[in-house]
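What follows is one chain in structure tokens, specifically the form predicted alone.
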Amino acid sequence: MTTTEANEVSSTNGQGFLKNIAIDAVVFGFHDNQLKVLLIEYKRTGLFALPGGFIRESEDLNVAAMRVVSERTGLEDIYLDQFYVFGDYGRFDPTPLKTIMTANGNKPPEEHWLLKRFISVGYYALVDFTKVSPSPAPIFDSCEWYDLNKMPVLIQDHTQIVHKALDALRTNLDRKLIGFNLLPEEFTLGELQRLYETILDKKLLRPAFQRKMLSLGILERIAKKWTGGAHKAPYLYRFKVQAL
């Protein structure tokens, strides 16, 4: 978010943006059997939140979501999935926004558009966090990776949004994994299993996991991985082109 864009969002009437609807993005990061989530901390407030943003009047929803995530991660080609719409009245709480805006020298009037009730469209992404340089908005926040089991308290219902996104990721992992592009072009079933175990946060039985993955029809066996002993060399696989 540029300084100009931040000023536009902070304007009292939010001219140029759709009112009462926002985007919250849960960006999961995976690498070396670790699963993290990207969070922002608003300056001078101690408040933590998910990366989020607003939709321009002339902007497609999915385009807006990609813009929001790209601004925070520095990545342009990200696989995003819309997973839920959060609209319960109980999530409405203008207090954090008042605190954030006041801390940045912009005490808002009660009729400010950002203090109204918002419905939020949730998106999630899964990226290799070693390839991401988080890009905080220059005026409002810092942006860092956090372990899922060590998250700080988040504003409003953002903790619930993270949990809902994680449930969606786990439920849809078989169908969505190819799009996340987290594995090398050629990989072993052991590497694939470790990815699953990290995301699912549980150990899997090797024979059952291999049967399941091979039955999905998305893998192509290509060769054996040389490890010094032919009888110990695991097969290498890649995703089938037609499955991409």
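All residue numbers refer to positions in the sequence shown, first residue = 1. Since we're looking at a predicted model, the values are computed, not measured.
The form predicted together with a further copy of the same chain exists for this protein as well; it is not shown, and the discussion that follows is about that form.
- a further copy of the same chain in the predicted bound form comes within 4.5 Å of a heavy atom belonging to T171.
- In the predicted bound form, a further copy of the same chain lies within 4.5 Å of some heavy atom of N62.
- At least one heavy atom of G87 is located within 4.5 Å of a further copy of the same chain in the predicted bound form.
- Contact between S58 and a further copy of the same chain in the predicted bound form is found at the 4.5 Å heavy atom cutoff.
- The stretch in contact with a further copy of the same chain in the predicted bound form, judged by heavy atoms within 4.5 Å, is 112-120, chosen from 151-159, 97-105, 70-78, 112-120.
- Between the options R175, R206, K43, R194, the residue in contact with a further copy of the same chain in the predicted bound form by a heavy atom within 4.5 angstroms is R175.
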